[in-house]
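Only one chain is given next, in C-alpha coordinates, and it is the form predicted alone.
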Amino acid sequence: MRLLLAGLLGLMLVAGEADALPMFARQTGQNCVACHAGGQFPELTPYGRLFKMTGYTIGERTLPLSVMGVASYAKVRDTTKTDDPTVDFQKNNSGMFATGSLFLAGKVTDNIGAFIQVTYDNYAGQSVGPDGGLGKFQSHSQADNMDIRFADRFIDANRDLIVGLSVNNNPSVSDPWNSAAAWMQYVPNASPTSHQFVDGAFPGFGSGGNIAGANAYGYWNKTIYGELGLYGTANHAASFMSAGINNANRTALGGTNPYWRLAYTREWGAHNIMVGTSGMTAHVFDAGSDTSDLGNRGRFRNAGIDSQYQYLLDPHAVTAQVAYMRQTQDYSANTMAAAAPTYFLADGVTPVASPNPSDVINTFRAKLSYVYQAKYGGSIAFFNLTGTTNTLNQTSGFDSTGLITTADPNGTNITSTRVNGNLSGNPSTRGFNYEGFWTPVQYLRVGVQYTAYNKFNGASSNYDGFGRDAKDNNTIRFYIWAAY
(Lines give C-alpha, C1' and ligand atoms only; values in the text may rest on other atoms or scores of the structure.)
Protein backbone atom coordinates (compact mmCIF):
# COMPACT_ATOMS: atom_id res chain seq x y z
CA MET A 1 0.00 0.00 0.00
CA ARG A 2 2.93 2.35 0.72
CA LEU A 3 4.21 1.72 -2.82
CA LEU A 4 0.80 2.65 -4.20
CA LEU A 5 0.68 5.92 -2.23
CA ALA A 6 4.22 6.81 -3.27
CA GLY A 7 3.29 6.18 -6.89
CA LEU A 8 0.24 8.40 -6.56
CA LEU A 9 2.34 11.29 -5.21
CA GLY A 10 4.95 10.91 -7.90
CA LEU A 11 2.46 10.70 -10.73
CA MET A 12 0.56 13.76 -9.45
CA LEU A 13 3.78 15.78 -9.36
CA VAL A 14 4.70 14.75 -12.88
CA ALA A 15 1.25 15.46 -14.27
CA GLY A 16 0.89 18.73 -12.41
CA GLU A 17 4.23 20.14 -13.60
CA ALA A 18 3.92 19.03 -17.21
CA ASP A 19 3.20 21.61 -19.89
CA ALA A 20 2.99 19.13 -22.78
CA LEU A 21 -0.22 17.17 -23.45
CA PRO A 22 -0.52 13.58 -24.70
CA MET A 23 -0.23 13.13 -28.41
CA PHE A 24 -3.83 13.53 -29.60
CA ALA A 25 -4.47 16.55 -27.37
CA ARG A 26 -1.28 18.16 -28.65
CA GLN A 27 -2.34 17.44 -32.20
CA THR A 28 -5.87 18.83 -31.95
CA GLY A 29 -5.25 21.53 -29.37
CA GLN A 30 -8.32 20.29 -27.50
CA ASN A 31 -8.90 19.50 -23.83
CA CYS A 32 -9.55 15.88 -22.81
CA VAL A 33 -13.31 16.49 -22.49
CA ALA A 34 -13.58 17.23 -26.22
CA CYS A 35 -12.74 13.64 -27.15
CA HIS A 36 -13.53 11.72 -23.96
CA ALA A 37 -16.80 11.59 -22.02
CA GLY A 38 -16.18 13.53 -18.84
CA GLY A 39 -12.49 13.56 -19.76
CA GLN A 40 -12.24 9.87 -18.86
CA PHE A 41 -10.09 8.05 -21.40
CA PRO A 42 -10.77 6.01 -23.48
CA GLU A 43 -14.61 6.61 -23.55
CA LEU A 44 -15.21 8.68 -26.69
CA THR A 45 -17.55 11.60 -27.33
CA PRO A 46 -19.08 12.26 -30.79
CA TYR A 47 -16.06 14.47 -31.57
CA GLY A 48 -13.69 11.74 -30.38
CA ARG A 49 -15.43 9.23 -32.63
CA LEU A 50 -15.15 11.63 -35.56
CA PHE A 51 -11.44 12.02 -34.85
CA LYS A 52 -10.99 8.25 -34.89
CA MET A 53 -13.08 7.61 -38.01
CA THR A 54 -11.22 10.30 -39.95
CA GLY A 55 -8.01 8.40 -39.32
CA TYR A 56 -6.59 10.36 -36.38
CA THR A 57 -5.80 13.17 -38.84
CA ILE A 58 -7.66 16.21 -37.41
CA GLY A 59 -5.21 18.91 -36.38
CA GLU A 60 -1.50 19.36 -36.98
CA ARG A 61 1.34 16.87 -37.02
CA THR A 62 3.20 16.91 -33.73
CA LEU A 63 5.33 14.72 -31.49
CA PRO A 64 3.65 11.31 -31.96
CA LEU A 65 4.70 9.74 -28.63
CA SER A 66 2.89 9.21 -25.35
CA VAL A 67 3.30 6.91 -22.38
CA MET A 68 0.82 5.39 -19.95
CA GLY A 69 1.29 3.63 -16.62
CA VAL A 70 -0.89 1.86 -14.07
CA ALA A 71 -0.11 1.26 -10.39
CA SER A 72 -2.43 -1.25 -8.74
CA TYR A 73 -3.37 -2.90 -5.46
CA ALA A 74 -5.84 -5.77 -5.05
CA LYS A 75 -7.16 -7.92 -2.24
CA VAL A 76 -9.24 -11.08 -2.75
CA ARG A 77 -11.84 -11.80 -0.06
CA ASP A 78 -10.71 -15.34 0.78
CA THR A 79 -7.23 -16.70 0.09
CA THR A 80 -7.39 -19.69 2.43
CA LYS A 81 -8.97 -22.35 0.20
CA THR A 82 -5.85 -23.06 -1.81
CA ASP A 83 -2.84 -25.35 -1.81
CA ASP A 84 -0.47 -22.44 -2.45
CA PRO A 85 -1.61 -18.81 -2.06
CA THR A 86 1.66 -17.59 -3.59
CA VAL A 87 0.51 -19.19 -6.85
CA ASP A 88 -3.24 -18.60 -6.77
CA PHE A 89 -3.08 -15.08 -5.28
CA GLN A 90 0.24 -13.59 -6.35
CA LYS A 91 0.92 -10.10 -4.92
CA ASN A 92 -2.34 -10.16 -2.97
CA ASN A 93 -2.69 -7.19 -0.59
CA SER A 94 0.39 -5.59 -2.14
CA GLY A 95 0.87 -2.45 -4.24
CA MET A 96 2.70 -2.72 -7.53
CA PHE A 97 3.56 -1.01 -10.78
CA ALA A 98 1.33 -3.22 -12.88
CA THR A 99 1.81 -2.22 -16.50
CA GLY A 100 2.96 0.53 -18.83
CA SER A 101 2.48 1.35 -22.49
CA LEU A 102 4.27 3.34 -25.15
CA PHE A 103 2.10 4.85 -27.89
CA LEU A 104 3.21 5.89 -31.37
CA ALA A 105 0.19 7.61 -32.84
CA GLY A 106 -1.28 10.58 -34.62
CA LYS A 107 -1.41 12.27 -38.00
CA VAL A 108 0.99 11.09 -40.71
CA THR A 109 -0.59 12.81 -43.74
CA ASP A 110 -3.94 14.51 -44.35
CA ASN A 111 -5.44 11.06 -44.93
CA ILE A 112 -3.25 8.66 -42.96
CA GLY A 113 -2.95 8.26 -39.21
CA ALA A 114 -2.20 5.59 -36.64
CA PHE A 115 -2.66 4.32 -33.10
CA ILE A 116 0.10 1.87 -32.15
CA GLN A 117 0.51 0.58 -28.60
CA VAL A 118 3.34 -1.50 -27.14
CA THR A 119 2.74 -2.71 -23.59
CA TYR A 120 5.16 -3.62 -20.82
CA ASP A 121 4.02 -6.19 -18.25
CA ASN A 122 6.04 -6.12 -15.05
CA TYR A 123 4.67 -9.52 -13.98
CA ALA A 124 4.42 -11.45 -17.24
CA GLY A 125 5.85 -14.67 -15.82
CA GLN A 126 7.90 -16.25 -13.07
CA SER A 127 11.21 -18.02 -13.23
CA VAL A 128 11.83 -21.45 -11.68
CA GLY A 129 13.53 -21.23 -8.31
CA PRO A 130 16.46 -23.40 -7.15
CA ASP A 131 14.05 -25.70 -5.28
CA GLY A 132 11.93 -26.22 -8.39
CA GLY A 133 9.22 -23.82 -7.24
CA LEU A 134 8.35 -20.42 -8.63
CA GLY A 135 11.09 -17.79 -8.47
CA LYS A 136 11.28 -14.11 -9.31
CA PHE A 137 8.75 -12.38 -11.54
CA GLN A 138 9.89 -11.66 -15.09
CA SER A 139 8.86 -8.66 -17.16
CA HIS A 140 7.95 -8.70 -20.84
CA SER A 141 6.90 -6.30 -23.60
CA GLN A 142 4.75 -7.06 -26.63
CA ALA A 143 2.54 -5.54 -29.29
CA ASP A 144 -0.84 -4.40 -27.97
CA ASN A 145 -3.68 -2.65 -29.80
CA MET A 146 -2.76 -1.36 -33.26
CA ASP A 147 -4.90 0.58 -35.73
CA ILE A 148 -3.38 2.16 -38.86
CA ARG A 149 -5.82 4.06 -41.08
CA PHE A 150 -6.42 5.75 -44.40
CA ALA A 151 -9.57 7.89 -44.37
CA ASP A 152 -11.31 10.62 -46.32
CA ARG A 153 -14.43 12.73 -45.77
CA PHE A 154 -16.83 14.07 -48.42
CA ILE A 155 -19.23 16.85 -47.44
CA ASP A 156 -21.73 18.82 -49.49
CA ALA A 157 -25.27 20.15 -49.04
CA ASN A 158 -26.81 16.67 -49.17
CA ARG A 159 -24.25 14.32 -47.68
CA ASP A 160 -21.57 13.80 -45.09
CA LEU A 161 -19.64 10.63 -45.90
CA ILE A 162 -16.55 9.25 -44.20
CA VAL A 163 -14.82 6.28 -45.80
CA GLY A 164 -11.68 4.54 -44.70
CA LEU A 165 -9.48 1.50 -44.40
CA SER A 166 -8.15 0.21 -41.07
CA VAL A 167 -5.27 -2.23 -40.78
CA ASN A 168 -5.40 -3.54 -37.21
CA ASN A 169 -4.61 -6.50 -34.96
CA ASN A 170 -7.74 -6.90 -32.81
CA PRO A 171 -11.34 -7.31 -34.07
CA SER A 172 -13.38 -4.25 -32.97
CA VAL A 173 -10.34 -2.21 -31.87
CA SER A 174 -11.24 -0.07 -34.89
CA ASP A 175 -14.76 0.47 -33.52
CA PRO A 176 -15.57 4.05 -32.39
CA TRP A 177 -17.99 3.01 -29.61
CA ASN A 178 -16.98 1.79 -26.17
CA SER A 179 -19.70 -0.85 -26.12
CA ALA A 180 -17.57 -2.74 -28.67
CA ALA A 181 -15.81 -5.86 -27.39
CA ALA A 182 -12.29 -4.41 -27.51
CA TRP A 183 -13.16 -1.38 -25.38
CA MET A 184 -15.60 -2.42 -22.63
CA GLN A 185 -12.83 -3.37 -20.19
CA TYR A 186 -11.15 -0.01 -20.26
CA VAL A 187 -9.07 0.03 -17.04
CA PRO A 188 -5.88 -1.98 -17.74
CA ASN A 189 -5.60 -4.95 -15.40
CA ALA A 190 -2.53 -6.53 -13.84
CA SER A 191 -1.15 -10.03 -14.52
CA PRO A 192 -0.63 -11.39 -10.97
CA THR A 193 -3.32 -13.84 -9.94
CA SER A 194 -4.49 -11.54 -7.14
CA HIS A 195 -6.08 -9.51 -9.96
CA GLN A 196 -7.68 -12.41 -11.83
CA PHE A 197 -11.15 -11.71 -10.42
CA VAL A 198 -11.07 -7.93 -10.93
CA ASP A 199 -14.23 -7.02 -12.85
CA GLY A 200 -16.13 -9.81 -14.58
CA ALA A 201 -17.09 -11.27 -17.91
CA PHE A 202 -16.93 -9.18 -21.09
CA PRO A 203 -18.25 -9.94 -24.56
CA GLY A 204 -15.38 -10.87 -26.84
CA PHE A 205 -14.40 -12.55 -30.09
CA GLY A 206 -13.07 -16.12 -30.02
CA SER A 207 -10.23 -15.19 -32.35
CA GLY A 208 -8.54 -13.14 -29.65
CA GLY A 209 -6.10 -10.36 -30.48
CA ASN A 210 -2.66 -9.98 -32.03
CA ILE A 211 -3.90 -11.15 -35.40
CA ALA A 212 -3.81 -9.13 -38.64
CA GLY A 213 -6.83 -7.67 -40.41
CA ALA A 214 -7.84 -5.13 -43.04
CA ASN A 215 -11.26 -3.48 -42.62
CA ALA A 216 -13.11 -1.11 -44.94
CA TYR A 217 -15.63 1.18 -43.25
CA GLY A 218 -18.04 4.00 -43.99
CA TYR A 219 -20.13 6.47 -41.96
CA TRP A 220 -23.03 8.11 -43.80
CA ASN A 221 -24.70 11.36 -42.67
CA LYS A 222 -23.79 10.72 -39.03
CA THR A 223 -26.44 7.99 -39.11
CA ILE A 224 -25.27 4.66 -40.52
CA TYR A 225 -21.90 3.08 -39.79
CA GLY A 226 -20.72 -0.10 -41.53
CA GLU A 227 -17.46 -2.05 -41.46
CA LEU A 228 -16.28 -5.24 -43.20
CA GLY A 229 -12.95 -6.94 -42.72
CA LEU A 230 -10.87 -10.09 -43.09
CA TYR A 231 -8.33 -11.42 -40.58
CA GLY A 232 -5.40 -13.81 -40.69
CA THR A 233 -2.30 -14.77 -38.70
CA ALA A 234 -0.01 -11.84 -37.83
CA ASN A 235 3.08 -13.20 -39.54
CA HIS A 236 5.42 -12.29 -42.40
CA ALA A 237 4.89 -8.59 -43.27
CA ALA A 238 2.29 -8.28 -40.49
CA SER A 239 4.46 -9.90 -37.81
CA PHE A 240 4.93 -6.55 -36.03
CA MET A 241 1.29 -6.85 -34.93
CA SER A 242 2.21 -9.84 -32.76
CA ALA A 243 5.74 -8.72 -31.84
CA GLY A 244 6.97 -10.13 -28.55
CA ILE A 245 4.72 -13.20 -28.73
CA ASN A 246 6.48 -16.50 -29.43
CA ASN A 247 5.20 -18.95 -32.01
CA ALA A 248 3.73 -21.30 -29.41
CA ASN A 249 1.51 -18.53 -28.03
CA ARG A 250 0.73 -16.68 -31.26
CA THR A 251 -2.84 -17.05 -32.51
CA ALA A 252 -2.81 -18.91 -35.83
CA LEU A 253 -5.79 -18.55 -38.17
CA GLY A 254 -6.64 -20.56 -41.26
CA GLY A 255 -9.17 -20.14 -44.05
CA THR A 256 -11.34 -17.03 -44.40
CA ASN A 257 -12.08 -15.09 -41.21
CA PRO A 258 -14.61 -12.32 -41.89
CA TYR A 259 -15.61 -9.57 -39.43
CA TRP A 260 -18.57 -7.21 -39.77
CA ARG A 261 -20.12 -4.27 -37.96
CA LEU A 262 -23.33 -2.29 -38.57
CA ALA A 263 -24.67 0.53 -36.41
CA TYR A 264 -27.37 3.21 -36.42
CA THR A 265 -26.60 6.48 -34.64
CA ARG A 266 -28.41 9.68 -33.82
CA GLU A 267 -27.45 12.94 -32.10
CA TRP A 268 -29.83 15.57 -30.71
CA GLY A 269 -28.74 18.35 -28.40
CA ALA A 270 -26.65 16.97 -25.57
CA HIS A 271 -27.77 13.40 -26.34
CA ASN A 272 -26.40 10.74 -28.67
CA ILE A 273 -27.32 7.09 -29.10
CA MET A 274 -26.09 4.08 -31.03
CA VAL A 275 -27.68 0.69 -31.65
CA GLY A 276 -25.54 -1.85 -33.46
CA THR A 277 -24.60 -5.40 -34.24
CA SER A 278 -21.31 -7.15 -35.00
CA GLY A 279 -19.95 -10.59 -35.67
CA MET A 280 -17.07 -12.72 -36.84
CA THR A 281 -16.21 -16.22 -37.97
CA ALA A 282 -12.70 -17.35 -37.09
CA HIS A 283 -10.92 -20.62 -37.90
CA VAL A 284 -8.36 -20.93 -35.09
CA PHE A 285 -5.66 -23.58 -34.75
CA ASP A 286 -5.13 -25.16 -31.34
CA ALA A 287 -2.42 -23.29 -29.43
CA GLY A 288 1.07 -24.40 -30.41
CA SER A 289 -0.20 -27.05 -32.84
CA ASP A 290 0.95 -27.95 -36.35
CA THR A 291 -0.84 -25.54 -38.71
CA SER A 292 -0.23 -27.85 -41.69
CA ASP A 293 -2.66 -30.32 -40.11
CA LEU A 294 -6.24 -29.12 -40.57
CA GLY A 295 -7.28 -31.54 -37.84
CA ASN A 296 -5.88 -28.99 -35.39
CA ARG A 297 -8.22 -26.24 -36.61
CA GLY A 298 -11.42 -25.33 -34.77
CA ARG A 299 -13.98 -22.61 -35.42
CA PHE A 300 -15.53 -19.71 -33.49
CA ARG A 301 -18.73 -18.01 -34.61
CA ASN A 302 -19.60 -14.77 -32.84
CA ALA A 303 -22.68 -12.58 -33.23
CA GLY A 304 -23.67 -9.75 -30.93
CA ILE A 305 -25.78 -6.67 -30.40
CA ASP A 306 -24.84 -3.56 -28.43
CA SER A 307 -26.06 -0.07 -27.65
CA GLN A 308 -24.68 3.09 -26.11
CA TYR A 309 -26.36 6.27 -24.88
CA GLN A 310 -24.59 9.46 -23.80
CA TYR A 311 -25.68 12.74 -22.24
CA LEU A 312 -22.86 15.29 -22.40
CA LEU A 313 -23.51 18.78 -21.06
CA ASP A 314 -21.00 20.39 -18.73
CA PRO A 315 -20.65 19.65 -15.83
CA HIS A 316 -22.40 16.30 -16.39
CA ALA A 317 -21.41 13.28 -18.47
CA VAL A 318 -23.60 10.17 -18.46
CA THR A 319 -22.86 7.01 -20.45
CA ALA A 320 -24.99 3.85 -20.55
CA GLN A 321 -23.84 0.73 -22.39
CA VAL A 322 -25.41 -2.65 -23.07
CA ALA A 323 -23.76 -5.50 -24.97
CA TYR A 324 -24.60 -9.13 -25.68
CA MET A 325 -22.46 -11.66 -27.53
CA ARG A 326 -23.25 -15.26 -28.49
CA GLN A 327 -20.28 -17.45 -29.29
CA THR A 328 -20.35 -20.97 -30.73
CA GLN A 329 -17.09 -22.89 -30.57
CA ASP A 330 -16.55 -26.01 -32.66
CA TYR A 331 -13.54 -27.92 -31.35
CA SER A 332 -10.89 -29.26 -33.69
CA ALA A 333 -11.06 -32.86 -34.87
CA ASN A 334 -7.80 -33.68 -33.08
CA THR A 335 -9.05 -32.17 -29.82
CA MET A 336 -12.12 -34.37 -29.93
CA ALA A 337 -10.14 -37.45 -30.96
CA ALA A 338 -7.96 -37.03 -27.87
CA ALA A 339 -10.86 -36.15 -25.57
CA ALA A 340 -12.07 -38.73 -23.10
CA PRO A 341 -13.95 -38.47 -19.80
CA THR A 342 -11.37 -37.79 -17.08
CA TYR A 343 -13.55 -37.81 -14.01
CA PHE A 344 -16.15 -40.09 -12.45
CA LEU A 345 -19.46 -39.58 -10.74
CA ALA A 346 -19.44 -39.64 -6.92
CA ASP A 347 -19.59 -43.46 -6.95
CA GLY A 348 -16.06 -43.58 -8.39
CA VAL A 349 -17.24 -46.08 -11.01
CA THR A 350 -19.41 -44.33 -13.56
CA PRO A 351 -17.51 -41.99 -15.90
CA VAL A 352 -18.91 -38.52 -16.48
CA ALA A 353 -20.59 -37.87 -19.84
CA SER A 354 -18.52 -37.85 -23.01
CA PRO A 355 -17.27 -34.40 -24.12
CA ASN A 356 -19.35 -32.35 -26.55
CA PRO A 357 -17.82 -31.35 -29.92
CA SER A 358 -19.05 -27.76 -29.55
CA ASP A 359 -20.01 -25.19 -26.93
CA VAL A 360 -22.16 -22.06 -26.80
CA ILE A 361 -21.35 -19.12 -24.54
CA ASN A 362 -23.67 -16.13 -24.06
CA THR A 363 -22.19 -13.01 -22.46
CA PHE A 364 -24.25 -10.02 -21.35
CA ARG A 365 -22.92 -6.82 -19.85
CA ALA A 366 -24.61 -3.55 -18.88
CA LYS A 367 -22.84 -0.51 -17.48
CA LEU A 368 -23.88 2.96 -16.28
CA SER A 369 -21.32 5.67 -15.52
CA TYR A 370 -21.50 9.29 -14.41
CA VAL A 371 -18.81 12.00 -14.27
CA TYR A 372 -19.18 15.43 -12.65
CA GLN A 373 -16.98 18.39 -13.66
CA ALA A 374 -14.64 15.97 -15.45
CA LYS A 375 -13.20 15.17 -12.02
CA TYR A 376 -15.46 12.93 -9.96
CA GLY A 377 -17.19 9.85 -11.24
CA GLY A 378 -18.44 6.37 -10.72
CA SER A 379 -19.94 3.40 -12.50
CA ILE A 380 -21.86 0.22 -11.89
CA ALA A 381 -21.74 -2.78 -14.22
CA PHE A 382 -23.63 -6.07 -14.28
CA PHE A 383 -22.14 -9.10 -16.03
CA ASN A 384 -23.70 -12.48 -16.76
CA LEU A 385 -22.03 -15.29 -18.68
CA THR A 386 -23.96 -18.48 -19.40
CA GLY A 387 -23.21 -21.48 -21.57
CA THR A 388 -23.46 -25.15 -22.29
CA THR A 389 -22.20 -27.79 -19.88
CA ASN A 390 -19.32 -29.82 -21.31
CA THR A 391 -17.10 -32.29 -19.49
CA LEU A 392 -14.30 -31.23 -21.85
CA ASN A 393 -14.09 -28.07 -19.74
CA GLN A 394 -14.29 -29.81 -16.37
CA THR A 395 -11.10 -29.35 -14.34
CA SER A 396 -12.24 -30.76 -11.00
CA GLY A 397 -14.07 -33.98 -10.17
CA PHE A 398 -14.10 -37.39 -8.48
CA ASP A 399 -11.38 -39.90 -9.16
CA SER A 400 -11.87 -43.71 -9.28
CA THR A 401 -11.78 -43.91 -5.47
CA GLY A 402 -14.55 -41.32 -5.04
CA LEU A 403 -12.17 -38.54 -3.94
CA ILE A 404 -11.63 -34.99 -5.17
CA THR A 405 -7.96 -34.26 -4.59
CA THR A 406 -5.03 -32.19 -5.82
CA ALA A 407 -2.47 -34.66 -4.44
CA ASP A 408 -3.66 -38.00 -5.94
CA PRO A 409 -2.71 -40.08 -2.84
CA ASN A 410 -4.09 -43.30 -4.34
CA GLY A 411 -2.21 -43.08 -7.63
CA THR A 412 -5.26 -42.70 -9.88
CA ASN A 413 -3.57 -40.07 -12.09
CA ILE A 414 -6.69 -37.93 -11.66
CA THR A 415 -6.28 -34.61 -9.90
CA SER A 416 -8.44 -31.51 -9.54
CA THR A 417 -7.78 -27.77 -9.59
CA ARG A 418 -8.45 -25.43 -6.68
CA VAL A 419 -9.59 -21.77 -7.00
CA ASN A 420 -9.92 -21.82 -10.80
CA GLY A 421 -11.31 -25.34 -10.95
CA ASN A 422 -14.65 -26.15 -12.54
CA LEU A 423 -16.56 -29.03 -10.99
CA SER A 424 -19.62 -28.79 -13.25
CA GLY A 425 -18.08 -28.19 -16.68
CA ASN A 426 -20.35 -25.15 -17.00
CA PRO A 427 -18.90 -21.63 -17.42
CA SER A 428 -21.73 -19.60 -15.82
CA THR A 429 -20.37 -16.52 -14.06
CA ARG A 430 -22.42 -13.58 -12.75
CA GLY A 431 -21.92 -10.50 -10.62
CA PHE A 432 -21.48 -6.74 -10.33
CA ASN A 433 -18.58 -4.33 -10.58
CA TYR A 434 -18.69 -1.03 -8.70
CA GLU A 435 -16.24 1.79 -9.36
CA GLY A 436 -15.49 5.26 -8.04
CA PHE A 437 -12.79 7.54 -9.41
CA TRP A 438 -11.24 10.99 -9.15
CA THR A 439 -9.25 12.94 -11.75
CA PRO A 440 -7.29 15.58 -9.80
CA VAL A 441 -5.42 16.78 -12.88
CA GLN A 442 -5.61 15.98 -16.58
CA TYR A 443 -4.29 12.54 -17.52
CA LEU A 444 -4.24 11.23 -13.97
CA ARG A 445 -7.03 9.05 -12.63
CA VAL A 446 -7.30 7.50 -9.17
CA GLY A 447 -9.93 4.81 -8.73
CA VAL A 448 -11.30 1.97 -6.68
CA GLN A 449 -13.22 -1.05 -7.99
CA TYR A 450 -15.12 -3.71 -6.09
CA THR A 451 -16.19 -6.88 -7.90
CA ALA A 452 -18.86 -9.04 -6.28
CA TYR A 453 -19.73 -12.52 -7.59
CA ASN A 454 -22.87 -14.53 -6.95
CA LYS A 455 -21.91 -17.28 -9.42
CA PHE A 456 -18.56 -18.52 -10.72
CA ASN A 457 -17.65 -21.47 -12.96
CA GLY A 458 -21.19 -22.80 -12.95
CA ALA A 459 -22.12 -22.57 -9.27
CA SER A 460 -22.69 -20.20 -6.36
CA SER A 461 -21.10 -22.54 -3.82
CA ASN A 462 -18.39 -25.20 -3.93
CA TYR A 463 -17.72 -24.52 -7.61
CA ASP A 464 -14.27 -26.14 -7.55
CA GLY A 465 -15.15 -29.17 -5.41
CA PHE A 466 -12.96 -27.95 -2.53
CA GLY A 467 -15.53 -25.73 -0.82
CA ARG A 468 -14.74 -22.47 -2.60
CA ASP A 469 -17.80 -20.25 -3.16
CA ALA A 470 -18.30 -17.57 -5.79
CA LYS A 471 -18.32 -14.82 -3.13
CA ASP A 472 -14.83 -15.91 -2.01
CA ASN A 473 -13.55 -14.34 -5.24
CA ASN A 474 -14.93 -10.89 -4.42
CA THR A 475 -12.07 -8.45 -4.97
CA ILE A 476 -11.33 -4.83 -4.12
CA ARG A 477 -8.84 -3.01 -6.29
CA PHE A 478 -7.26 0.44 -6.06
CA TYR A 479 -5.51 1.88 -9.09
CA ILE A 480 -3.64 4.94 -10.30
CA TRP A 481 -3.76 5.43 -14.06
CA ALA A 482 -1.65 8.12 -15.68
CA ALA A 483 -0.79 9.18 -19.22
CA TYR A 484 1.69 11.75 -20.51
Partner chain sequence: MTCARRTAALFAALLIAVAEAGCSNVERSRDLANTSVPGKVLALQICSNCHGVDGNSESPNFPNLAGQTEHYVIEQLSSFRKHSRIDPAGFEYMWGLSRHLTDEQIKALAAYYAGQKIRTPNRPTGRPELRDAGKAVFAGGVPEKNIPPCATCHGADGLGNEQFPRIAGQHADYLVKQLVVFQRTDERPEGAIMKVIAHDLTRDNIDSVASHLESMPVGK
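Numbering follows the first chain given and starts at 1. Treat the numbers as computed from the prediction; the structure is a model and nothing was measured.
The discussion below concerns the form predicted in complex with the partner chain, not included here.
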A34, heavy atom within 4.5 angstroms of the partner chain in the predicted bound form
yes
Answer with yes or no whether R261 is in contact with the partner chain in the predicted bound form, where contact means some heavy atom within 4.5 Å.
no
Residue-level contact is defined here as any heavy atom of the residue lying within 4.5 Å of the partner chain in the predicted bound form; does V349 satisfy this criterion?
no
Mark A303 yes when one of its heavy atoms lies within 4.5 Å of a heavy atom of the partner chain in the predicted bound form, and no otherwise.
no
Only one of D293, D84, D314, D78 comes within 4.5 Å of the partner chain in the predicted bound form by heavy atoms, so just point that one out.
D314
State the residue from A151, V318, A143, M274 whose non-hydrogen atoms include one within 4.5 Å of the partner chain in the predicted bound form.
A151
Stretch in contact in the predicted bound form with the partner chain, which is absent here, among 433 to 441, 43 to 51, 414 to 422, 455 to 463 (heavy atoms within 4.5 Å)
43 to 51
Going by the partner chain in the predicted bound form, which residues of 99 to 120 come within 4.5 Å of it through any heavy atom?
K107, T109, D110, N111, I112
